[in-house]
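Take a look at this single chain in structure tokens; it is the form predicted alone.
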Amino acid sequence: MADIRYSPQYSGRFIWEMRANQLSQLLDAKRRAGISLLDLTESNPTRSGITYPSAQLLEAIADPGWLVYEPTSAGLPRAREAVAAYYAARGYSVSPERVLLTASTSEAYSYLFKLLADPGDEVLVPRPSYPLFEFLAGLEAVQPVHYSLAYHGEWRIDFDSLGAALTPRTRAVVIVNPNNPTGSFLKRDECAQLMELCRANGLSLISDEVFSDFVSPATAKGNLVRSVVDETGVLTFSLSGLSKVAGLPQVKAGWIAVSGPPDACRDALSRLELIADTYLSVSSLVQHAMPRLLELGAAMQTAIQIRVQRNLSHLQAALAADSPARVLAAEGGWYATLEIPRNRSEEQWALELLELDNVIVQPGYFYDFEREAYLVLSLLTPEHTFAAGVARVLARVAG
């Protein structure tokens, strides 16, 4: 037989550059060399020095009920009731029948893109924001189209940009509330305008609310929309989960809370249940533990809030009056955005900080900031590491 070279074919969904970028290559080299680094990007609460109630968490998964397999497409009643109670504690009335469990918010997006869009259809996603949307949409053969958030002392939706992004193939608008990494919440007037835009164009709204419990104490809460879970005018999907609510990213459980016109809700829920029944992805163990895990989440939120506020206060205090850097205002979340001089690109700043100062930061372009130069810092970083890293960053920027 002739020597025929085997060449498998792959889906056209894989359109992304698979090679490590220059920053990742330098980071790998530093780690291989055993160099001690100050990581200002740590956003995993289980690795940030936060104290967990280990014994109570282990007790929560000891419920023997999970030993019996009860396949329920939308999720076990006790778990859905726990989610409804979570909302009730925050002043929202959500019936368990409006809740559908997923293994994560990423899976929730996957379900919703399947529900709302055909291949080639479009969903509008914010910029800047978490860089996962391109992958989540692309793997469903859906096209993400950006609209802008504008900063003028506070972040707000640029509705001119949002309107210009609409096409006949637009199916949904995604908001991240509060946004990651800007920490900006939806304002009441924005919410009203957004709902009217969706209603007028027959669009659904997807609201990622995983950070909604983390509100800055300095924020004027009266103007903020913490959740759209009680909206009735358009079909709306509110997403959250244990990863942020309880600081448990390793416990894979999230949910979709559906709201809007009653007939549209019923239709959407029946279709979502069919999708969920195809996968049945949420662990029975986690579902049985969910009521207790959500209860324990309150203490975790407090610990995280203390860490975030201390680090933010330190960062603000460390900025001298004549510093060329400034922290952009945020209303919540776990991140700080540091604006720095544009005499270098963000990539050059990040590479220089890593090469010369052994500090890891994220450049703004990771989050699709529309102009330079920004660095994104995780406020979940252990306090001593954060303080030491910030000192090196500010010294480098001032030098």
Ligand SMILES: Cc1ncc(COP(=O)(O)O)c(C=O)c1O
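Start at 1 and count along the sequence shown; that's the residue number. Remember, predicted model here, so these are calculated numbers, not experimental data.
Below, we refer to the form predicted in complex with the ligand, which is not included among the displayed structures.
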Practice prompt. Please pick, from 161, 104, 170, 204, the one residue with any non-hydrogen atom lying within 4.5 angstroms of the ligand in the predicted complex.
Written response: 104
Discussion item. By the heavy atom within 4.5 Å rule, which residue out of 197, 210, 325, 215 makes contact with the ligand in the predicted complex?
Written reply: 210
Worksheet item: Taking the partner as it appears in the predicted complex, which of 241 to 249, 306 to 314, 284 to 292, 142 to 150 has residues with heavy atoms within 4.5 Å of the ligand?
Response: 241 to 249
Discussion item. Residue 259 versus the ligand, in the predicted complex: is there a non-hydrogen atom within 4.5 Å?
Written reply: no
Discussion item. Please determine whether residue 180 contacts the ligand in the predicted complex, using a 4.5 Å cut-off between heavy atoms.
Written reply: yes
Practice prompt. State yes or no: in the predicted complex, is some non-hydrogen atom of residue 125 no more than 4.5 angstroms from a non-hydrogen atom of the ligand?
Written response: no
Practice prompt. May I ask you to state whether residue 87 is within 4.5 Å of the ligand in the predicted complex, using heavy atom distances?
Written response: no
Fill in: Contact set, 113 to 131 vs the ligand in the predicted complex - heavy atom within 4.5 angstroms
130
